[in-house]
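To begin, one chain is listed below as structure tokens, in the form predicted alone.
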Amino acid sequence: MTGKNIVGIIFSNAYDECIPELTGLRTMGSVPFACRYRLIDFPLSNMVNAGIEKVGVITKANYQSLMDHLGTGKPWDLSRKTGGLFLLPPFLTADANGNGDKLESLKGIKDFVSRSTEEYVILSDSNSIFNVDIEELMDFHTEKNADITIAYKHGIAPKLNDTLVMKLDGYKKINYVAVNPQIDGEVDYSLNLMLMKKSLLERLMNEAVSLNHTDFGADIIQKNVSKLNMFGFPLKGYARTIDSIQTYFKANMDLLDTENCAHLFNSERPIYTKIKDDMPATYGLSSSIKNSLVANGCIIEGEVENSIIFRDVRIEKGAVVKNSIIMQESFIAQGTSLNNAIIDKNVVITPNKTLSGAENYPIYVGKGIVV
């Protein structure tokens, strides 16, 4: 098996409802992350690093920013005459408002799947952040003679309405799947990265549709766990699934740990994103920067500590930003104090304001707001 024989499918709107603060005007896939990236950059980069040359991105609502970010797919080498990047727009189903299940989404792109000539398909969400060697996953799938291979992580399961919790034997064969069980402690949970033959996916979809089933996790995976050879592929290194504004905040802050950052931004498997030429960050004589990530184009004259600063942010002299995320082109005026805050794009914080949240409950200021 090679990447050229796999078609990738990414669900850009899956779990939008988990972080409505950030997805009110954008998809989950286009949520900004780590100074200069969008969440969709991670599954998309994982696929192209494995040689996958055809990727379909399912959209439903609020996808203008996603289209602006992806463009023709050139930063991911997916601007091609054959294959390449396909934006699959809203489909005409009973639930076209963006809240449908993955099975409903796949029904809407049935023609795209059937016309693809690749033998295999790999499915991925946009709300899980990790850097995976898909070539290693492909080898694992072949070695195990698997029907379906699911990437998983051991830890505290995310609080999603369809989280798949699995039990595996010593050979990594999945013997049991529970959908969103109420279990305390660490478990083996799916990262919703799944590899299978395209023909198998089509058959399972057709069976589910004929029986009027609507839940991908329960009706495709759980129902067939005893009928098919399903194996779990353990993910190495850093991984986090976003299920709330708190986990989004934590995922960004995790990158201030150099070990996490090195795992996620692996030079052997780069994470690609839309390129924007800009000047380097400029630091004033009175500025103080500690344990922070600062993107290009910023002008920092104040104090920044334990924070994630996106492109073209300006922080004036006398402003103090701690434990916060400041997104692109926002302005923090003199005398302002921010702590445990998420500041969306194009926000203006006027002089002498104090905004403070808690580590578990960061304060959020929406896009374009003047405070």
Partner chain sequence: MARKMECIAMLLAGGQGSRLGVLTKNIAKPAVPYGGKYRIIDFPLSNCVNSGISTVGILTQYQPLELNDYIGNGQAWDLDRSNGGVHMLSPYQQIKGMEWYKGTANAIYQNINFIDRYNPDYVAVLSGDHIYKMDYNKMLDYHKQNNAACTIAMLEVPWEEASRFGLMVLNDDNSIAKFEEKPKNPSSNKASMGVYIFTWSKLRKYLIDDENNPDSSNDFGHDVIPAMHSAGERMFAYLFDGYWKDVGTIDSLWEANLDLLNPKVDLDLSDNTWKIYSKTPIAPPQYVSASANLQNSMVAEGSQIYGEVDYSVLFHNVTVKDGATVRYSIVMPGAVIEEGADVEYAIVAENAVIKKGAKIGKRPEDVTDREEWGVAVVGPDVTIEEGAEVAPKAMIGKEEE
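Please read all numbers here as calculations on a predicted model, not as lab measurements. Positions refer to the first chain, counted from 1.
What follows is about the form predicted together with its partner chain, which we do not show.
Considering only heavy atoms, tell me if G284 and its partner chain come within 4.5 Å of each other in the model of the complex. Although its partner chain is absent here, G284 would touch it in the model of the complex, with heavy atoms inside 4.5 Å.
Although the partner isn't part of this model, could you tell me whether K74 comes within 4.5 Å of its partner chain in the model of the complex, counting any heavy atom of the residue? Taking the distances in the model of the complex, the answer for K74 is yes, it comes within 4.5 Å of its partner chain.
With a 4.5 Å heavy atom cut-off, would you call V294 a contact of its partner chain in the model of the complex? Flag for V294 set to yes.
Any non-hydrogen atom of I271 within 4.5 angstroms of its partner chain in the model of the complex: Judged by the heavy-atom cut-off of 4.5 Å, I271 is in contact with its partner chain in the model of the complex.
Among 102-110, 252-260, 157-165, 173-181, which stretch sits within 4.5 Å of its partner chain in the model of the complex, heavy atoms only? It is the stretch 252-260.
Proximity to its partner chain in the model of the complex, single hit among P89, P234, G185, P280 (heavy atom within 4.5 Å): Comparing distances to its partner chain in the model of the complex, the residue within 4.5 Å is P280.
By the heavy atom within 4.5 Å rule, which residue out of I289, I245, V209, V225 makes contact with its partner chain in the model of the complex? In short, I289.
Residues in 29-45 close to its partner chain in the model of the complex, defined by a heavy atom within 4.5 Å, in order: Read in sequence order, the residues that approach its partner chain (within 4.5 Å, in the model of the complex) are A34, C35, R36, Y37.
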